[in-house]
Structure formats: C-alpha cells, structure tokens
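This document starts with one chain, in the form predicted on its own, laid out as structure tokens.
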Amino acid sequence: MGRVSGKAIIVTGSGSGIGKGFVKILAAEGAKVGVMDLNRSAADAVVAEIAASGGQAIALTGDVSKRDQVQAAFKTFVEWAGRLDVLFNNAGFNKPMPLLEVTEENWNAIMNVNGLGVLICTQEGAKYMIPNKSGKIINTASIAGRQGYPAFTPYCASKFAVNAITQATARELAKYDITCNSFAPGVVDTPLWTALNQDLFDIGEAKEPDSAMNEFGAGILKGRAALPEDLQGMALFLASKDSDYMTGQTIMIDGGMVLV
C-alpha cells in the first residue's frame, strides 16, 4: 500500500514545477489527486501522465485569488473524489523589481496570488475538512519568507505572510484535528526560475540571461539547485500520517542555503 493510499488531495499550481512533481508522487503512492492550475492545458497534460501510469487524477482550473473559482474547483473535486483530506497551497509566482521601483500593481498582483490565494484556499478547503474533523493543509513558503531580498520585496512579503497564515491556521483548526504546516524551498530548477533568470538579468541583478539561478544559489551547501524530485519525500511526509503530530511549523528544505 502507498503512503497516502485512499487520500483525496488537491495541489494548486500543479501544472508544472514543484506542484507537478507533488501530484505525480502522491498519485503514485495511492492518492486521488486534483491537478489545479490556471493553465487548463497544463493541468490536462499532467492528468494524462498520471493516468498513463495507473494513477487517479482530475484536472481543475481556477485563479486561487478568486473565491468563486476556488469554490467551483473544490466542489468539482469533492464530487469526483468523495472528500478532501489534504490541500497543498502551492500556486504562486514572482516578478522581480528593484526595491525602489516596486509598483502598486506589482505588489498587489504578487500578494493576491501568494498571500490572499493561500487564505482563500485554506478557508474553502477547511469547509470540507471540518465536518470530518480531520485534514491537512500544507503551504508552499520559501527561503524568501525567512529573509528579505531587495529584488524580491513583494514576493518576500507574500511568503512571510504564508508563514503567518500557517501559524494562524494551525491554531484555529487544531480543535477539528486539522493540521497546517508549510515548507520553505530555496532555489528549485523549475519554469519559475527559467523566467526569473531573464527577469533578473533585465533589471541588472544577473550577469548573464541564464546565470541568475546559479548566482543566487551560490551559497547552497549541497552545491546545486534543487530539482522538484528533491522535495517529494517531504511532500509525502507532510501528506501522510507520519506528520500527524506536527502543526504550525515551517520546514526548511533548501539544501542548506539559509540556516535558521
């Protein structure tokens, strides 16, 4: 039997990158997974991969910062899976700007997805978990939620917010036996960093168009950026009964880039 066999799990932002890695390993370990992404074709492609490997998955579409879209996606999932046991609030993005040039538009766009989106999904997911008096909510934080980086100011603020939401949720939902934890990756080789490479070069924060990831991650003790697969064991731990006695915590999984 798999470590999450029979569990019904939604992962937001799972059409690519970290989230895609999570839904694939969770499905391989026996879960019914909801592949939720703003890009429906990306979600459909991941579902096809999971189905081809014998797993169970459904594609969901929605902007996590829009409550009506989250409600519709979660309703579709529960009608398909029968319940919601685990929610990964993973959707997020970044658009670097120098600190003194950050605009209200940039700030609001990042905070709406990375901060408000976590709150909305947590609220809507909890509605399905509370009647069952069980559940797990897992948030994607970041090393940027532990220390600030000038070119990532709104992103850092949003990830500090994720840590706060994690702790507040853990305190509020403990009475329903629902846990809430987060994990903090560092530099992960995903499409997000492919875009950041160019963005950071464009604003003068990288020497070459494809060098930002290596420059930013130069202090990683493990000597390389993470791959999505490096985070899969942690995802399984947080989604499984192995983490039942853990709540309100943020796990650093950054290869030793930030030591706290």
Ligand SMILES: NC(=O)c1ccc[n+]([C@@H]2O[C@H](COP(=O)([O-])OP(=O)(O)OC[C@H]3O[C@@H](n4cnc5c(N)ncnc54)[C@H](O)[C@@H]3O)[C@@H](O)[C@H]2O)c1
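It should be emphasised that the depicted structure is a prediction, and the values quoted were computed from it without experimental measurement. Residue positions are given as counts along the sequence shown, with the first one as 1.
The same protein also has a form predicted together with the named molecule, omitted here; what follows describes it.
Highlighted residues 132, 176 and 247: none comes within 4.5 Å of the named molecule in the predicted complex, counting any heavy atom. For residue 18, a non-hydrogen atom is located within 4.5 Å of the named molecule in the predicted complex, even though that partner is not displayed.
In the predicted complex, the named molecule sits within 4.5 Å of a heavy atom of residue 140. Looking at residue 155, you'd find a heavy atom of it within 4.5 angstroms of the named molecule in the predicted complex. Shown alone here, residue 90 lies within 4.5 Å of the named molecule in the predicted complex, counting heavy atoms only. The contact residue chosen from 84, 187, 165, 102 relative to the named molecule in the predicted complex is 187, the criterion being a non-hydrogen atom within 4.5 angstroms. For the residues 234, 220, 51, 38, the 4.5 Å heavy atom test against the named molecule in the predicted complex is passed only by 38.
Residues placing heavy atoms within 4.5 Å of the named molecule in the predicted complex fall in a single listed stretch, namely 141-149, out of 73-81, 124-132, 167-175, 141-149.
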